[in-house]
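Next up: a single chain in structure tokens, the form predicted on its own.
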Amino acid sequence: MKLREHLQITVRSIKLLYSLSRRYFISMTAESVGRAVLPYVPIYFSARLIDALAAGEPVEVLALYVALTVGLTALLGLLNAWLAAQAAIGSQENYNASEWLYAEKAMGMSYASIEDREVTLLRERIKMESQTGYNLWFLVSTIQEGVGNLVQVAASISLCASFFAISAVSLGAKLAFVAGVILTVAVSSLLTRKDALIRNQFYAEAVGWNTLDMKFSQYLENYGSGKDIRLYAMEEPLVEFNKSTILSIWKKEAKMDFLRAGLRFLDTVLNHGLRLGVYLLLISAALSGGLSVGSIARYASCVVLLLSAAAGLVYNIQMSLVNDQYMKRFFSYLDIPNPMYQGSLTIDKRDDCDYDVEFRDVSFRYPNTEAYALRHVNLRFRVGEKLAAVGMNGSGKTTFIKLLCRMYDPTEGVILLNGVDIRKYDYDEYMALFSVVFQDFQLLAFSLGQNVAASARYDRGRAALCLEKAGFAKGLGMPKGLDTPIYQHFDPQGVEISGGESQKLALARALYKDAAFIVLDEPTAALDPESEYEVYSKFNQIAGNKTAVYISHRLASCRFCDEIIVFHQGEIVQRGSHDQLIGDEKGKYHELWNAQAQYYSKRA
């Protein structure tokens, strides 16, 4: 990475950190300055006090130095405490804002990116790197330590400047002092660079281990895993797996710690060697009468702080350059574009929901794949129709729905709404036309009413009515009614609902949205055929005059639909009513019907 790119990333990183929480950025930086300045107050005034004592100054002068030492130190301490409190509050703001940054990015991504495994791995990696201490969080510590070290370097140099004006110290001794400081800082920088490389190599490998450990912990913490662990006697294999993984990590970490300890030993010897030289130099100058006792204390203390701060500053710079690689990956996630054309046309809000949808020679293949999921789909349906899409797993039914709801755009062909390419409509307005219940629908660990409305605020009467229509009136009789929490993630009084109840709750959510199109994409796949038929039949009644699209691989559940389209290997191979399709003995529908007849022969 070139210097220009490092600078660009650093500037962008600082701007991002400032935007997340100005309170945190300002208070954290100010607190670093105050903390760095604090030790120099007693160093300076204590040196003046010692010299005043040696010179026999009046008590008033001595008292002034004592008061300044204690008073300024106390004031700076109080100021730093207040700044630290502000930084602690800002730190939480910063954390919340950074978490929202991930959420906001996920919500703004195209669905193709959400389903992209590479994007998922990238998000997991940068979040794990954050937990390891890199990217945005390492930037925080770099700023804190870097600002403090820079202030201490400047303060130490300013307080040591008078040393070079002392005539009792020879020019050679002064040059030796400067050379010693430069040599110590240079060697310390090389050692810290080597230390950083060793640590970074370990932590880079640790990302994979940490991700594995996180997945492992999530599996163990999920109470649903308890059944499998007990039924299949998985305790010993899991313990053994965890033990072997941790031992492997510990061995590598021990090797890293041993190497780093050796580098720190060399650095410590060098630093203390220079300190010894400084003390001998100052003592020699004092014995010759060219240096006061207070000056010895001041210079010795400042040199120690100078060496520490200079080495720390160089280390901060080195580690910042390393962290830029992590920040680059962090920004690469935030910079993932949304290629979906957003459109600008307004969709007419029609009370009669008179919408006409047409698939015109639509073909589609998923990103990074060669095989087509859909080929040459031509289909048109109007408001109020009940359309069923059936077929074997993998035949293209769900892909058809994803294109209809514009989660993806067609690879070839066009989808029209009232004769207009749906890509030209405002994206959010188009999405508002659909209420969809997918097979893998998700409920939230919030209240019953919030799950129905998919919102924190909602119309209670409307939510209750939708639950009744969906056949989940039982929920209204729960202890807290619509306020009853679902699951126990956040509330120990939460209720665990069955799969069938979850499905009814998802249907109530689709009803609450009151969209022009209602789409059910195999949300009842976990139910038996009889139960699924009852659900679909009931929902067909409550859908009323809305356009409804049902996706199922169970044919008997969709006999009530106006039209059935049969998908096979990504193509529509048949379409018509149940009676028309069952009468075609050479057709795919007839083949599937007979294959499934054992499940619903009584109803047929």
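Numbering starts at 1 and follows the sequence shown. Bear in mind that the values here come from a model prediction, so they are computed numbers and not experimental data.
There is also a form predicted in complex with a small molecule; it is not shown, and the following applies to it.
Trainee: Work out which of Ser447, Thr399, Asn94, Asn149 lies within 4.5 Å of the small molecule in the model of the complex, going by heavy atoms.
Mentor: When the small molecule is considered in the model of the complex, the option within 4.5 Å is Thr399.
Trainee: In the model of the complex, which of the listed residues (Glu124, Glu115, Glu429, Glu145) lies with a heavy atom within 4.5 Å of the small molecule?
Mentor: Looking at the other structure, the residue within range turns out to be Glu115.
Trainee: Is there a heavy atom of Ser188 lying 4.5 Å or less from a heavy atom of the small molecule in the model of the complex?
Mentor: It does not: once the small molecule is placed as it appears in the model of the complex, Ser188 has no heavy atom within 4.5 Å of it.
Trainee: With the partner left out here, check for me: in the model of the complex, does some heavy atom of Thr184 sit within 4.5 Å of the small molecule?
Mentor: Outside the cut-off, so no.
Trainee: Does the 4.5 Å heavy atom contact test between Ser167 and the small molecule in the model of the complex come out positive?
Mentor: Contact check for Ser167: no, nothing within 4.5 Å of the small molecule in the model of the complex.
Trainee: Find out whether any non-hydrogen atom of Ser395 is located within 4.5 angstroms of the small molecule in the model of the complex, and reply yes or no.
Mentor: Contact check for Ser395: yes, within 4.5 Å of the small molecule in the model of the complex.
Trainee: Name the stretch, out of 102 to 110, 468 to 476, 385 to 393, 169 to 177, where some heavy atom lies within 4.5 Å of the small molecule in the model of the complex.
Mentor: The contacting stretch is 385 to 393.
Trainee: Looking in the model of the complex, is the small molecule within 4.5 Å of a heavy atom from each of Tyr366, Thr369 and Ala373?
Mentor: Per the other structure, all of Tyr366, Thr369 and Ala373 touch the small molecule.
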